[in-house]
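Shown below, as structure tokens, is a lone chain in the form predicted on its own; questions about how it binds or moves come after it.
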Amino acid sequence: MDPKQILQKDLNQLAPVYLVYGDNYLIKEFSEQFISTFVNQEMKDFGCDLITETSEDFIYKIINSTQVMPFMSDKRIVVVHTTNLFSKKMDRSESLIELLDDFPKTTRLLFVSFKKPDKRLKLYKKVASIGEALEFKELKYKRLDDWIKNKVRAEGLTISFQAIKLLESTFNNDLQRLDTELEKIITFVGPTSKKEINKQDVAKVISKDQLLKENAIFDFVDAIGKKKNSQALNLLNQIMIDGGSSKQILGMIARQIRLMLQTKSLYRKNLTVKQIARKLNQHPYPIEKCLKQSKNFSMDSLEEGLEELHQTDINLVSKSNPELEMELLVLKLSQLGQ
């Protein structure tokens, strides 16, 4: 069932128990919407319990809370946040199964699992048999585009395609980070006559350190592939001035090279950009950029590049001049065969 359909139900139409799992941001968001929809906010302290796995006597609290009669409501709502309850057998989990065998008609129970459940466990099977288990999958492609549009539309604005792609290429599908950045962008645009957020608005607001470093690393690797040593050294110097440590820069370069290796390899197997992105759990935009950039390198040269990065990492520990080691790395990488 679509989670939105659950939120549109009447309180008395709800299943006795629900289990949601998958993307952490989405399941937490659903949990909050579930509470705001089905709990009288003025009587929230009396009509709803939120129990976390860190609580002492965790399972006892679940059992005890579900058996309390509702106050000024037809149903009592109990929400349980857990990591391990559905991924391994826990002490007293049999007691929960017994509870579900004779579950109070006056309670509705929502399990929010931050780890994928083991569907072989008795507890999972019991929940699925008397209620519903719902997986919230990571948002990608059109679903991610629509999520961003809906967030913006809720504030009475629209957002351009180019602005959406800039957000996705910078933060991929990290919904928590996207939510934070969208909040900053919407505040920046403000209650003006302007109704559409464009790429320029996004570029002015989103976390400059990440955006600039990601773009600078891409330009840096691109300059190396085109044998533009002077440009590569200038970019390296700028990244270090902006606060990038040698270790951090190595990690970002290594990530870019690995992504190029994977992209180039899969493209040779006749996969499309969208298919490659799906396989690598990436948005198509950075994959398209990587594919274009990888034409400056052979597979062998990319693998040699990773070896050079590894050696530089060792040198940074054993030698005392990190700036010199990074500059030597640029020269070594630019000498790799195409």
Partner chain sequence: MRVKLQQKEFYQGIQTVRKAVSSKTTLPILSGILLKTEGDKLKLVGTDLEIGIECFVNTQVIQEGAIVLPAQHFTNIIRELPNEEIILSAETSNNTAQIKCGNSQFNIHGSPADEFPLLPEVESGTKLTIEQQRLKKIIEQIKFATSKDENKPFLSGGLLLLEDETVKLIATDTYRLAYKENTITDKQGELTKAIIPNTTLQELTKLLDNQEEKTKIVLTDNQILFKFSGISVVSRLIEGQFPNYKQVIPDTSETEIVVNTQQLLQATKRAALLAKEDSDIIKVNFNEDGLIITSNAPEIGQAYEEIPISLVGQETEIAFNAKYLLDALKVISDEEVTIKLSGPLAPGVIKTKSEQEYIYVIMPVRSA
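Numbering follows the first chain given and starts at 1. Quantities reported herein were computed from a predicted structural model and do not represent experimental measurements.
Although it is not shown, the form predicted together with the partner chain is what the next lines describe.
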Review point. The partner chain in the model of the complex: within 4.5 Å of a heavy atom of each of 52, 68 and 92?
Key: yes
Point to revise | the partner chain: the contacting residue among 298, 64, 275, 37 in the model of the complex [heavy atom, 4.5 Å] | key: 64
Check your understanding: Between the options 98, 155, 118, 183, which residue brings a heavy atom to within 4.5 Å of the partner chain in the model of the complex?
Key -> 98
Review point. Quick one: is residue 302 in contact with the partner chain in the model of the complex, heavy atoms, 4.5 Å cut-off?
Key: no
Check your understanding: Is residue 291 close enough to touch the partner chain in the model of the complex, meaning at least one heavy atom pair within 4.5 Å?
Key -> no
Check your understanding: Contact between residue 48 and the partner chain in the model of the complex at 4.5 Å, heavy atoms?
Key -> yes
Check your understanding: Within a 4.5 Å heavy atom cut-off, is residue 76 in contact with the partner chain in the model of the complex?
Key -> yes
Practice item. Name the stretch: of 171 to 179, 101 to 109, 256 to 264, 140 to 148, exactly one has residues whose heavy atoms fall within 4.5 Å of the partner chain in the model of the complex. Key: 101 to 109
